[in-house]
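Shown below, as structure tokens, is a lone chain in the form predicted on its own; questions about how it binds or moves come after it.
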Amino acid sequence: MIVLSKLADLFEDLAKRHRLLPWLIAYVLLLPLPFVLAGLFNEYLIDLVNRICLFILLAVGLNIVKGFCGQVTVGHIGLYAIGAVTSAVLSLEPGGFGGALGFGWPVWLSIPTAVLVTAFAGLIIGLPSVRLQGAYLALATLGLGESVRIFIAVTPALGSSTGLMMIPAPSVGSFTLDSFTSYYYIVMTAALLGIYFSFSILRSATGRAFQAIREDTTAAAVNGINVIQYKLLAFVFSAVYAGLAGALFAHMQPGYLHHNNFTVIEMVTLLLMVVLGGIGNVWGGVIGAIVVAIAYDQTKDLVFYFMDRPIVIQPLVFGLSMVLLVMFMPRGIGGWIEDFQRNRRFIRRSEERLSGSTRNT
């Protein structure tokens, strides 16, 4: 906790000199990470880091609509699926495997198009938030998210039961970014930019309007905030993050998508990241994404046998973790960090006042 607090203080001190300085330093420090992992461990960890970067994008995006604006959504994984499938279909060659759609677009064109399509889908999914709240909104968004997965599963043009195969990787000239190491620089850059823009939204007038709606919708409306507009805007911002994460996931090796990549289990995992990190806390969401992604990877093969039949226990572990977190750590890791920093600042200011009064006497 002390290390995290000191890093946060260092980040703030660097930002006072120039707001982009800490981000540039962080980017430079992250550049050699895949070579360090490959040299000390193996290339599989590079793939895990790539997936963590995508989880960070998803968690930070979900935090905008859930943490900043206070909307209870459980359909974020559906937006992730829309971004992934849209980018894959646009970039696949026509007449692909199993009758899947294909338009043969360049990858660098299909990714931003998929983000725009997902943003529009986020606007549609956000419409129930105008009249629904709490558990009703959660059920509505859950139904919409699961409907997307089922639609993909029953549509041969979108891969159906076989999935979408041979999705092309991005390329720069004659160089194809089809290795874990080369793809790391795409997803790491996207994750870092996503965190930066999340902070920018939070500190802007739009972010303050989101927080006002989260605290009290009626009071926000009385003070001149267009509640409907900002609720929809929060869903659109969140959808942009999900669409970008999905599009990048589609083109990551091995270039294969299946509707089972977008199940309720993935949605619960994403919610666990946000809750563990701290709802409304950007850095907490990042920490939650890293911790849960590693735990998800390490527990995916855990099984026990009952009457000679294997039972996967990962859903039980993650579901129980969610219940315990809500009960005993409702503010998550981010809440702990905020409390610790607040106490440190209070102690520091108290010491400065005492030392000042001592000099005066």
Partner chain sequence: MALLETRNLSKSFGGLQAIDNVSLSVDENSVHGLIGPNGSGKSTFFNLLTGVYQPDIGSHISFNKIDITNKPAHYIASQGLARTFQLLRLYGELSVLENVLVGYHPHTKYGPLAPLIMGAEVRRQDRLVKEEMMDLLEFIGLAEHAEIPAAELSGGQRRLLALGRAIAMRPKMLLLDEPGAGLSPVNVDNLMATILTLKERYNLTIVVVEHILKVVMATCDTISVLDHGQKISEGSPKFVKNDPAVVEAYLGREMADEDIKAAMNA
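Here the structure is a predicted model, which is why all the values come from computation and not from measurement. Positions refer to the first chain, counted from 1.
Beyond the structure shown, there is the form predicted together with the partner chain, which is absent from this document and is the topic of what follows.
Novice: With the partner left out of view, is R19 within 4.5 angstroms of the partner chain in the predicted bound form by any non-hydrogen atom?
Specialist: Heavy-atom contact with the partner chain at 4.5 Å: present for R19.
Novice: Does any heavy atom of Y183 come within 4.5 Å of a heavy atom of the partner chain in the predicted bound form?
Specialist: Looking in the predicted bound form, residue contacts with the partner chain do not include Y183, since no heavy atom lies within 4.5 Å.
Novice: Counting only non-hydrogen atoms and a 4.5 angstroms cut-off, does N226 reach the partner chain in the predicted bound form?
Specialist: N226: yes, in contact with the partner chain in the predicted bound form.
Novice: Although the partner chain is absent from this view, report whether R342 comes within 4.5 Å of it in the predicted bound form, heavy atoms only.
Specialist: Looking in the predicted bound form, residue contacts with the partner chain include R342, since a heavy atom lies within 4.5 Å.
Novice: Of these, 171 to 179, 108 to 116, 214 to 222, 244 to 252, which stretch puts a heavy atom within 4.5 angstroms of the partner chain in the predicted bound form?
Specialist: Going by heavy atoms within 4.5 Å, the stretch is 214 to 222.
Novice: Looking at A209, V282, M188, L90, which is the one with a non-hydrogen atom within 4.5 Å of the partner chain in the predicted bound form?
Specialist: Checked against the cut-off, the match is A209.
Novice: What residues, if any, in 231 to 251 have a non-hydrogen atom within 4.5 angstroms of the partner chain in the predicted bound form?
Specialist: Those in contact are L233, F237.
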